[in-house]
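Next up: a single chain in structure tokens, the form predicted on its own.
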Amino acid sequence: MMESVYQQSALRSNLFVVWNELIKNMKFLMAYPIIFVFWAVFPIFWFIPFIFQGQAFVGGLQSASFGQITGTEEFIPFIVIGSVLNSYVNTLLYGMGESIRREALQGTLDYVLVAPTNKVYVLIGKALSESLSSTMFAASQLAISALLFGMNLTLGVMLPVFLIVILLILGLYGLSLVLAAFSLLYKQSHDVSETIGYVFYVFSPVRYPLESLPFWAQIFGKIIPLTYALIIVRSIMLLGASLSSLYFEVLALLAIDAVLIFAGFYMFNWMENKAKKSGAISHY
């Protein structure tokens, strides 16, 4: 009985940490509302050059050869979905990885590290705030894209898409914890975050189908969670596939999530103990 009460109390305490960290980071974000305008509108300009390229290369916004590989001849919605999901990669990898450094610059890192709580829950709160802001940005981008390109955004389509986005975020949480661990010991993880971001961008089908890559690159791309999220979401939104028909991709995404989450928790706890024992914390 006492053990059950203790576990419930610990759960409430951890949820309290996550909630307050989420609120704190959202207040920081709301203090600069121009960020919402920037991230909601500016990413649209990232795929506008592809419209001009399409008109120059194939004479329009449809390509028969592209359709033979992907199942749809309209490559602009294909690129839009890639851009929206890749935005989660950018915000979570950079946001979580740099959160430790941000605490150091604000002079609050030492208070976070000596707090009587698992620091992972502090990072989870930060990650949730990044996910929430990314979702708001993604929703605005999809709404604009629906008006411009007629993308299907019905409830029956968006519910399974939302589920897949959650699974993608979980895998990115695990990877972000690894980056936060590096930041804790080595002061910053920006270079590592940027490298991983480029790896995702090149080897995942963000701008082009996975089949267009060399065989060895396709194999590498299939261990990246973003790859499966993009395949599933595009199949649902562009090809009208059901989630049940994509069970292999869903299971693969779940398996990668499990590995990344375990690795993230283990790496961060290990790095935290190593940083405390080595005295690296005093170097901030």
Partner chain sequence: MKKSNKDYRLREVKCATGFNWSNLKAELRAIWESNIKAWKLDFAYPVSFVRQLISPVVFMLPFLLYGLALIGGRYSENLAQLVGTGDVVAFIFTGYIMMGFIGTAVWAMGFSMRREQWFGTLEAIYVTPASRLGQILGMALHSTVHQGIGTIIQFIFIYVTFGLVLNIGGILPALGIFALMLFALYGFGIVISALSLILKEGWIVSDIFYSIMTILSPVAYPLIVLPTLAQQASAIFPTAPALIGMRSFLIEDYIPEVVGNVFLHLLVLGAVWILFGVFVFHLADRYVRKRGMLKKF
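Numbering follows the first chain given and starts at 1. Keep in mind it's a predicted model, so treat the numbers as computed, not measured.
This protein has a second form, the form predicted in complex with its partner chain, left out of what is shown; the following refers to that one.
Of the heavy atoms in V58, some are within 4.5 Å of its partner chain in the predicted complex.
Although the partner is absent from this view, V202 contacts its partner chain in the predicted complex, with a non-hydrogen atom inside 4.5 angstroms.
Using a 4.5 angstroms threshold between heavy atoms, F75 counts as touching its partner chain in the predicted complex. Heavy atoms of S63 reach within 4.5 Å of its partner chain in the predicted complex, making it an interface residue. Look at 173 to 181, 158 to 166, 202 to 210, 129 to 137: in the predicted complex, residues with non-hydrogen atoms within 4.5 angstroms of its partner chain sit in 202 to 210. Of the residues given (I219, I35, A255, L239), I35 alone sits with a heavy atom within 4.5 Å of its partner chain in the predicted complex. I79 is the sole member of L85, L92, I79, V122 with a non-hydrogen atom within 4.5 Å of its partner chain in the predicted complex.
Contact check for Q53, I69 and T195: all three have a heavy atom within 4.5 Å of its partner chain in the predicted complex.
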